[in-house]
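Given next are two forms of a protein chain, the same chain in both, each as structure tokens and marked structure 1 or structure 2.
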Structure 1
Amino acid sequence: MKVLKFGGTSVGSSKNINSVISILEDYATKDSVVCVVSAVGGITDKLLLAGKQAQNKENSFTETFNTIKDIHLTIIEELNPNKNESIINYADSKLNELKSLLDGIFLINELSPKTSDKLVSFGELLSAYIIAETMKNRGISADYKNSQDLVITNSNFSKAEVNYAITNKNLQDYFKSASQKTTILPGFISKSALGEQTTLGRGGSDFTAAIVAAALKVKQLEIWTDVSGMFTTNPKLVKQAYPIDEISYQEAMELSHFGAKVLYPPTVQPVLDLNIPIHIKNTLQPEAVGTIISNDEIVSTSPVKGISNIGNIALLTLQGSGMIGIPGFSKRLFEVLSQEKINVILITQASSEHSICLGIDETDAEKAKTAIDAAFDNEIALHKIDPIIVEKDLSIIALVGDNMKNHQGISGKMFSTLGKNNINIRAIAQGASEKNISAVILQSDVKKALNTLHEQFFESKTKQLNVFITGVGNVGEKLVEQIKQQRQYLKENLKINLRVAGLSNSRTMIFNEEGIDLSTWKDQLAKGEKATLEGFFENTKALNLRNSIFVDVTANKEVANLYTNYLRQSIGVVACNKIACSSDFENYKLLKRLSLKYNAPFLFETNVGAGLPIIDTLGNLIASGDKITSIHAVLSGSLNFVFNNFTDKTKFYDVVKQAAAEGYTEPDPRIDLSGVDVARKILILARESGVEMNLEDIENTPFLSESGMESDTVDDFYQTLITDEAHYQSLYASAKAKNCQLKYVAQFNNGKASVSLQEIPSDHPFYNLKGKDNIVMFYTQRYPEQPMIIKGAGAGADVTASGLFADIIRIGND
């Protein structure tokens, strides 16, 4: 004999019921079958809703009733298009009973637990009957049996306790004489010895099936549901979750206790003693292997078997100096809760005994507070303890595994993983058996927490990065294209799963927590919502994705002002925008501090020399104990381009215009030509070398003409380049006369920095610098005479984008 149970989704539509019937037909060719079914998916909730509405005198209960009716009649008609009269007659009579019950509740304005159980029973009564009769209609040997005649309980309504002596006998007697191949039983419902209708608790059809399996001592219990087994974590919240092949009873119980709804926690008990394995299977994918829950020795690579979570948790904290050393506080506390029938899900006690924390279902919070405060009113009045503190909107997450106790450091890894992602932990508990570690966190952090923990314990090889890019002009667009091109490579070779989760230009912005489809990002962005800088931040924060990185590809001061907000949310910042790092020293320091405090990387390699690894190299030198003595550099790709192309045969204006057109200058070319841009760069290098310095401290000898320096607008400025051509030609002529090249040089020496246009002789390393190249020479304690030199293209959209990309990957490799 086989016992199978099909859940709400499995019997949730005529299509799914047809799958159930074909599975049952197949089994019936080999053995006799007991099939336990749930109510049609969602019906139990609707019955309870109708009950509440009727109790509250809301007429809408009729609408809810009509929906319940329509769902059932549609299923009956779809399953039995030609012959459905008798089923419809039965359903109608049951539905009429249901309607009368609801009318009664409406009339008396009251819904007792006893009536509520009677009300929800209709769901399973209907589904089981419909399935059995449909099978008969199709000529399949099947019978319907009301399990209320077999499963006998006490009168603890809504979660009744089974009387196994009577129930087992009933089941054994019935199935001894039952001749039909397949018996369909409604799950979840039962009766008390007094004949009252009772139920076994929400999700209780699993339990019914386990009771039947144990009573009949079958070889295996099969739970058929809508997922392919018990997963490493809830697959609805973590895409990467996968089914666990084998798991122990204890682990399955822990996981279900902490919220893995796929199995109702009490289900394991009846089959555990008899060693009957539970096989979890997927009705919608019968070929999938599913999960076996048993006592077998399981060889497992990871000590953590799964991660669960229960939402809607309230945390109660009882504290006060009067608790210390006085025995009996906890006992009294638990007695109160037990009297009130409040289930305690998690307990932690501080080692000082100064406080005790309890996790309970949020719906019980008010009841618990009133009862506990009343029980301790004397001590509260004497200020020995405080009135109980209630916190809501919390959730418990739990790591589960039989083998965790043999592995050091799992809880450390769990908490540091959560900490790195700015997930605040309100309370921690470790089961005495060390088969679980649980933490209470904010409900709003659950998805992020499950995903990061899953990544940490089950996908240790891949790391997901979620980037949010602001500014998709020249450089930003290139960056998106590079990411699109390299995504697969990064996944396969660096185990980095890089996704662009947000994009914005100055007009519109788009977000997608699954990652934006980069083949159509431009069209999507054009249709995006109106962009604001704060809006972009708020959306990024609200998505609350792990390993989030904000990428600033603008030159905008307002964007730079928001870095602190991102870092405080543990969102990393990657910027080619130089404004933040060259702003006031206090602000630069603050950003560095926040980065450390919130474990959020702040990288800006492209601030100096575009994609050249200058800041990274400098950082590595210092981290390894070296000291920078001086830096000599040509750091402006645009100025280099200008002076490499400017001769007595060209015009200064034309050359600057060309540099702007090629995208080598800032939108306002004065920022480059006045030396401000280079000053910012040497300032950043000086600061990264460990020196406290501000932009005003940098000596800047201008080479622009006076009128150029004083021009008010960009257009005026360009005009001065034409009128002052002679001034620029004289600079060229002077250098040429000495056989020198003009280079715009930045220097850092003995804690002082300067920028100026210099005449470079032919034997100097700067002399031959071509095009828009940059060069940096680091003189350090380890490189006193022969400097460490970094040289290469220091401007241009492609190389800047690849520098940003390198920063993102640096974070991924961390």
Structure 2
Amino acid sequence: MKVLKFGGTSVGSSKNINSVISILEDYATKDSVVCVVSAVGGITDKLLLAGKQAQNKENSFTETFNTIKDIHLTIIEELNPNKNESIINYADSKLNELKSLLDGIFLINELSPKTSDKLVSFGELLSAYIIAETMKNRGISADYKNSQDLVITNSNFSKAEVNYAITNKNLQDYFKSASQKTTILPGFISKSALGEQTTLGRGGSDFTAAIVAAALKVKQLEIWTDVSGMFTTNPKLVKQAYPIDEISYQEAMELSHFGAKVLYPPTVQPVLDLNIPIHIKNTLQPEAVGTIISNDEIVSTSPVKGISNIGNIALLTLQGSGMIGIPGFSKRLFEVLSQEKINVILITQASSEHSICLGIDETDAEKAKTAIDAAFDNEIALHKIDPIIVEKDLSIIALVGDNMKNHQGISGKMFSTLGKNNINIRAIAQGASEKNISAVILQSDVKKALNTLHEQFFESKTKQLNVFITGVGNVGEKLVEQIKQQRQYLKENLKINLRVAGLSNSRTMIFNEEGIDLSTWKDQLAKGEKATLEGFFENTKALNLRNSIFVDVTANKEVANLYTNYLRQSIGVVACNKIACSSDFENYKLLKRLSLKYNAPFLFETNVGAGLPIIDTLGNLIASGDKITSIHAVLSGSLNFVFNNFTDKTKFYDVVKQAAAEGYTEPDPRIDLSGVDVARKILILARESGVEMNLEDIENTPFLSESGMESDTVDDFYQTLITDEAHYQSLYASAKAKNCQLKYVAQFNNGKASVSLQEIPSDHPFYNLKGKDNIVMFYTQRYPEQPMIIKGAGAGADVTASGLFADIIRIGND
């Protein structure tokens, strides 16, 4: 014999009921079947609502009743379009009884637990009868049996206790003589020994199924629902969650306690006692394997079996120096909560005995505070303890697994993973059995926490990075295209799942927590919302995605000023914008401190040399104990391009215009030609070498004409290049006469830095530097005579984008 239970969603519509009937018909070809059904999905809540409305003298109870009636009559018509008279007669009879009961509640203005049990029983009585009669109408051997004739309880209304001696005998006697292949039983409902209608409380239909399975000693109980078993975590919040094939009773109970709604543990006690396995199946996907719950030894590669959570938690904290060493505080505290019928979900106490923290349902928070403060009124008045502290908008997340106790470091991995994503932990609880590690966090962090932990414990070490890019001009566009091109490679080879979750230019911005489709990003951005720097930050913060990275592809000071905001939210920052790292030294150090404090990477390799690994190499030298003695460098790809192309046969204006058109200069070329850009770069290298220095400390010898230096606008500046051509030709002529090349050189030596245009002789390493190339020579204690040299393209959209991309990948590999 098979015992199957179908929940409210499984019987929530005629379509779903047809699926149930198909499953039952298939099973009945092989064995006799007992099918326990819940009320049609949502009906129990509507019955309670109608009762409450009637009790409160609200005429709207009639509308709620009519909704209940319409739902059932529609289902009957859809299931039995041509042969439904007997079912409609039964339904009308039951619905008339229901209406009379509601009218009575309305008249006497009272809804007792006894009446409430009678009220909610109509849901299961109707659904079970409809299904049984529909099957008979289709020629299937099936019959309806009222569970109230079989399951006998005491008179503890709303959560009656079963008399197993009588109930088991009733079930065994009935099914010995039952001739039908399929028996449909309403779940949840029962009768007292005095003949009063009772119910079995929360999870009552599961309970009915477990009682039947235990009484008949079947080999397995099947619980059919709307999901394919118990999942590694909530699939509505974590798309990568997947069903667990096998799980122990203890693990299932822990997961169910902490929010997994598939199973309500107390209801399956009858089958647990007899070690009858429970199989969770999906009504809408009957071919899915589902989850088997048993006491059999289960071999698992992962010590963590699942991650669950309970929302809408309030944390109560009782604390005070007067608690230390004084027995009885805990006893009094729990007695107060017990008297108020408040369930305690989580408990944690500091070893100092200075405080006790309790997690309860948020709806009970104010009642609990009032009762506890009253109970400890004397101690509060004497300042021995503080008034109870209540924190709301919290959630409990829990790692569950029988084998966690045999694996070191699970707790450490859990908390470090949460910490890296700026998820603050308010309280921690871990039982001595080590089957469960629980933490209280903000409700707003639940999705990020579950995704982060699931990635850590269940996914094939694939790390998801969520990138938010501001500035999708020339370089930004190249970066997006590189990400699009390499996404699959990163996923397959580096186990990095890189998603662009936000994009912005100076006009519009777009966001998508699932990742923006990079094949149409330009069209999407054109239709995006109005862009603001603060709005971009607030949207990034609100999405609260794990491993978030803000990428600044601008030269904007206001954007750089927001880095502190991102870092304080544990959002990494990758920047080609040099303004932040060349700003006041205290701001530079603040950014470094925030990066460490909030575990948020702050990478800016492209600040110097575009895609060349200059800052990374410098950092490795310093970290390995080497010391920089001097740096000699050509750090401006734009200036190198200009002076490599400027001759006595060209115009300086034309060469600068060409450099700007090819993207080698900033939009305002004065930043490059004035030497400010190079000064910022040598400043950053000096700071990364460990020297405290500001931009004004760098000696900058300009080569521009006086009128070029004093120009007010970009257009004015370009005009000076034309009028002052002789000045620039004289610079070229001087170098040529000495067989030298003009190079704009940055130097750092003995704690001092300078930038200037220099005439480089033919035997110097800088002489043959071509095109837009950069070169850096590090002289160190380990490289005192022959420097470490880094050379290559130091400007251009592609190489700058690749440098930003490399920093993003570096974060993914950490």
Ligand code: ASP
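All values reported here derive from a predicted model rather than from experimental measurement. In this text, the rigid core denotes the largest set of C-alpha atoms whose superposition between the two forms falls within 1.5 Å. All residue numbers here follow the sequence of structure 1, with the first residue given the number 1.
Legend: structure 2 corresponds to the form predicted on its own, while structure 1 does not. After superposition on the rigid core, displacement of the C-alpha of N234 between the two structures stays below 2 Å. The Cα shift for E85 between the two structures, taken after rigid core superposition, is 2 angstroms or larger. With a cut-off of 2 Å and the rigid core superposed, Q53 has a Cα displacement that reaches or exceeds the cut-off between the two structures.
The shift recorded for the CA atom of F188 between the two structures is 2.9 Å, with superposition on the rigid core.
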